[in-house]
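What follows is a single chain, given as structure tokens, in the form predicted alone.
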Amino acid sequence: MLVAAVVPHARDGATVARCSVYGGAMADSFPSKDELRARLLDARAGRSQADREQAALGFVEQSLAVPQVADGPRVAGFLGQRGEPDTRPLVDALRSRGVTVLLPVLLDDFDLDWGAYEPGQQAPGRFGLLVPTTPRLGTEAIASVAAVICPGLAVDVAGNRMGRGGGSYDRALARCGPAVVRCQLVYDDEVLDAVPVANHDQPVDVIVTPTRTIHISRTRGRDS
């Protein structure tokens, strides 16, 4: 089980959860990505329904504090599934504000196509994941949004995110220019001091939890 000790961290005046991935004192070395993913997934599985529902409302409030998300006009999001945070209230809140929300469609090569969210217009896709049944917009559609709300298992205080291992969002985010704000949506105790990083991993600009937003201060020198 993950153990989080809240400690002060100099990042926009925020307090950041420092987490031990071994369930005891802070470890001197990190586990592998697979080991860390397993521990994070176990921790998510242990969350109560009441906690998930309360967190979903917090994600709405904190996400709407990011202007590029709240005002769109086009945002890439996702519908939380398989133990992910419940994002349906957030997606519905954005749509009610007139924001067009693009949802991902997992392709055979694990790249992502996109379709606009419309209530009730989803069907099971690869691995049983719900995907939009609205017209496909192509893999390049993500470059047209003001912000991307990313799924993932953890993120560190430098903005390095860790997903489930397929690399789909790393490929998608690489298509975004510097004007697209990348937001990582995670629970508070999934904000870590550091996560294992590979050369192809794409960082984020903002961390969104149910209780706060953390803006990452760094120079953005990405390829688009």
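Don't overthink the numbering: it's just position in the shown sequence, from 1. This is a predicted model, so every value here is computed, not measured.
FYI, the form predicted in complex with a small molecule isn't displayed, but the following is about it.
Of the candidate stretches 48-56, 31-39, 185-193, 61-69, only 31-39 contains residues with a heavy atom within 4.5 Å of the small molecule in the predicted complex. Under a 4.5 angstroms non-hydrogen atom cutoff, the small molecule in the predicted complex has M162 among its neighbouring residues.
The small molecule in the predicted complex is not approached by G177, whose heavy atoms all lie more than 4.5 angstroms from it. Using a 4.5 Å cutoff between non-hydrogen atoms, D205 does not count as a contact of the small molecule in the predicted complex.
The closest heavy atom approach of R44 to the small molecule in the predicted complex falls outside 4.5 Å.
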